[in-house]
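As structure tokens, one chain now follows by itself in the form predicted on its own.
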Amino acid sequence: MDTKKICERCVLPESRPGIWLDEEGVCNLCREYEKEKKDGKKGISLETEFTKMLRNYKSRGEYDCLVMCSGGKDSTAALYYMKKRYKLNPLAFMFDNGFETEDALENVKNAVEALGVDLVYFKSDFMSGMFSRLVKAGSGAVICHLCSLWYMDLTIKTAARYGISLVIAGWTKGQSREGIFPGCACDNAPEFSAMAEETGKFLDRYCKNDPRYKDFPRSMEEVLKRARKRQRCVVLSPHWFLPFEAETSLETIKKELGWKTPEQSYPAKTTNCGLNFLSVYLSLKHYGYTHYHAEMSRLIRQGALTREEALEALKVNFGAERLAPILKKLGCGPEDLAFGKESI
């Protein structure tokens, strides 16, 4: 796979039209952040803002909020904070696209048992047909983007079913961060423009005539537009507002909830579903970077992560043998990824 020159400040490669480097080797996103910070447009969100939002938006029924749980450290910490720090009664919700790992399942099970909270576990192979089509078509659509459209729509529907208007995510300061979640960075941010365009093309071309996916949302804006019609719902992450980084809570959840680092993951020391390995491979193949590069680049700009730490975490730590069982489960084969012609 061809390597591209990356920004001297973050970890994004030049990828026009969304990302380009100037004569000093610094990308346009870092320059824009620098300008906004100088102009005072990059304020710090305070925890007092978050507690006020919790009071305004928490539900009045049996559960105060619904917490999206993946089994990763950030969503596990979010569940912990809702119960312990903010004294709410959360409903934990885990969605499984058919590729969830035993490590993640065990982390969620341990957390809900230790905290004494209820759990809704939803497993479905609904997305498998779409993922299989994407691979066989050689599409530049991003698996994780498609999955996020599905799981956010599913999450909001589940919240509505339980009369919950407040949804809590474990998103870090490097992910969607707008105070109240209004949309998806994948739909409009420069670093995601090419990915979003290809994802939209894929949905229009391959899914509009498939009865299984005729009502599939085309963007996160559409997901939220549907949600507003059904209910008054907001999505928040405590990590946007806490006066410390998400890593600070790692030792706490290990000690109190029995959280464990998975044996193998990408990026290093994270927890993602098995399909994530294939998504990463395809994103690197088509674009030279992944949404993790974009997330970590934002954290670097905010001073929450060093460039060296990000580069180390983003080293590809898996090979073709890790992708083989995933492809088989999707009804695909190595030939669909042109193995032997490109290396990871």
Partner chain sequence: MSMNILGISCFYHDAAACLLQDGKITAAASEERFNRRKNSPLFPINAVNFCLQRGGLTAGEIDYVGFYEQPYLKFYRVLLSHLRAYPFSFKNFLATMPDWLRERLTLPLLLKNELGYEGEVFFIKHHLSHAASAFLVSPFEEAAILTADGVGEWATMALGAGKAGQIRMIKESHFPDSLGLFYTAITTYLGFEALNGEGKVMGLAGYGEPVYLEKLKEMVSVKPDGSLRLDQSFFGFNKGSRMYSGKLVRALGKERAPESKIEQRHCDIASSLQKFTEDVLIKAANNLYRETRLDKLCLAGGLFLNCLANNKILEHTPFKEIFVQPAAGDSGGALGVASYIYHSLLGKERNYVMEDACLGPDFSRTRIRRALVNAGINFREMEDGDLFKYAAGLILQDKIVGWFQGQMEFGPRALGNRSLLANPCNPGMKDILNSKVKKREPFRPYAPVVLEERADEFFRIKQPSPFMLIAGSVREEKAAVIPAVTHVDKTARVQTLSRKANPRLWQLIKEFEQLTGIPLLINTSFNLRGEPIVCTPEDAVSCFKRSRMDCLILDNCIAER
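Residue numbers count along the first chain shown, from 1. Please read these numbers as outputs of a predicted model, since none were measured by experiment.
Keep in mind that the form predicted in complex with its partner chain is missing from the display, and what follows is about it.
Q: I need the one stretch from 296-304, 66-74, 26-34, 278-286 whose residues put non-hydrogen atoms within 4.5 angstroms of its partner chain in the model of the complex.
A: In the other structure, the partner sits against 296-304.
Q: With the cut-off set at 4.5 Å between non-hydrogen atoms, does Gly138 touch its partner chain in the model of the complex?
A: No, no contact at 4.5 Å.
Q: In the model of the complex, does Lys225 have a heavy atom within 4.5 Å of its partner chain?
A: Answer no; every heavy atom of Lys225 is more than 4.5 Å from its partner chain in the model of the complex.
Q: With the partner left out here, check for me: in the model of the complex, does some heavy atom of Glu247 sit within 4.5 Å of its partner chain?
A: Taking the distances in the model of the complex, the answer for Glu247 is yes, it comes within 4.5 Å of its partner chain.
Q: If we define contact as a non-hydrogen atom of the residue within 4.5 angstroms of the partner, is Gly163 a contact of its partner chain in the model of the complex?
A: No, Gly163 is distant from the partner.
Q: Among Lys38, Arg60, Lys315, Arg55, which has any heavy atom within 4.5 Å of its partner chain in the model of the complex?
A: Looking at the other structure, the residue within range turns out to be Arg55.
Q: Of Tyr213, Tyr151, Phe192, Phe241, which residue is found within 4.5 angstroms of its partner chain in the model of the complex when only non-hydrogen atoms are counted?
A: Checking each option against its partner chain in the model of the complex, the one that comes within 4.5 Å is Phe241.
Q: Answer yes or no: in the model of the complex, does its partner chain come within 4.5 Å of a heavy atom in every one of Glu47, Thr51 and Glu308?
A: Yes, the whole trio is in contact, each within 4.5 Å by some heavy atom.
Q: Would you give me the residues of 80-101 that have any heavy atom within 4.5 Å of its partner chain in the model of the complex, in order from first to last?
A: Going through 80-101 in order - heavy atoms within 4.5 Å of its partner chain in the model of the complex - the hits are Arg85, Tyr86, Lys87.
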